[in-house]
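Before any questions on binding or motion, here is one chain by itself as structure tokens, the form predicted on its own.
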């Protein structure tokens, strides 16, 4: 994909000037309050793996509406004392897979909670958490971005973002972790969930890592790229043109730029200038929305949605270690 978004000089000044939806805080406060009221203690049991340096637990915690969500917890074996903890969210279409898929943070000395993604895990990495059908409503195009999109109350991402916040709250209460050093991290969809969790649970989160984040400046993104997942919205509105305003209002309720405005922790983001899946203007809009100066954005001029690959992993670990130490 060639350069298609704004030039880098303009991206460095690009901001989202559209206000958040009316009642945004009340919507999310009420959603999270219900999830917390229905929450149950997490269940952990150790599982055997071939990884001699990592101890793994299969975790089940309660997310949206008290529904069970699966996760992996990887810890470096034989390390005494409370560990900093990283909560990771997964990209679009993927599930939690196997414990061996998640070694970077535990290898760096962190407890690492990897949240499964409800209803996903059928595209590139398997998942184990269903999304109960009774919470969806109305028509949708294949994918997840238009499931229940005619109302914020029925929208799929209301459930997934709630799961992400509950994963943070669960991680903070796990035995053997230092809750004062809690990182949220992810790429693409996972990067959007990291921004959302950082903004909705600012008292819990100590650092945010968001690589090439999805769900940023959604109204612009759906007009400048023909790639999925954003193109799912275009196909849906072609079939349902009278639902455009309702659809866009729902999407505004999950735009990660609005969550970024509420982040108080140090944050590092990445943007790739040839990324037609999550356009770089969205990443810059989220970056500029984060208050204060304790933030950084890595720019990969020649990358698409891979967004820096291992180069970004190294930079993000160094950024977080510097802030948490």
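Residue numbers count along the first chain shown, from 1. Note that this is a predicted model, so its numbers are computed, not measured.
One more form of this protein, predicted together with a further copy of the same chain, exists but is not displayed; see below.
With a 4.5 Å cutoff on heavy atoms, residue 120 counts as touching a further copy of the same chain in the model of the complex. In the model of the complex, none of the heavy atoms of residue 41 sits within 4.5 Å of a heavy atom of a further copy of the same chain.
For the chain shown alone, residue 203 is not a contact residue for a further copy of the same chain in the model of the complex, no non-hydrogen atom being within 4.5 angstroms. Looking at residue 318, you'd find a heavy atom of it within 4.5 angstroms of a further copy of the same chain in the model of the complex. The candidate spot formed by 8, 19 and 217 lies out of contact with a further copy of the same chain in the model of the complex, as no residue has a heavy atom within 4.5 Å of it. Contact with a further copy of the same chain in the model of the complex, defined as a heavy atom within 4.5 Å, holds for exactly one of 181, 147, 75, 158, namely 147. Listed stretches are 28 to 36, 51 to 59, 255 to 263, 277 to 285; the contact stretch with a further copy of the same chain in the model of the complex is 51 to 59, by a heavy atom cutoff of 4.5 Å.
Within 4.5 angstroms of a further copy of the same chain in the model of the complex, the stretch 206 to 225 places a non-hydrogen atom from each of 222, 223, 224, 225, taken in sequence order.
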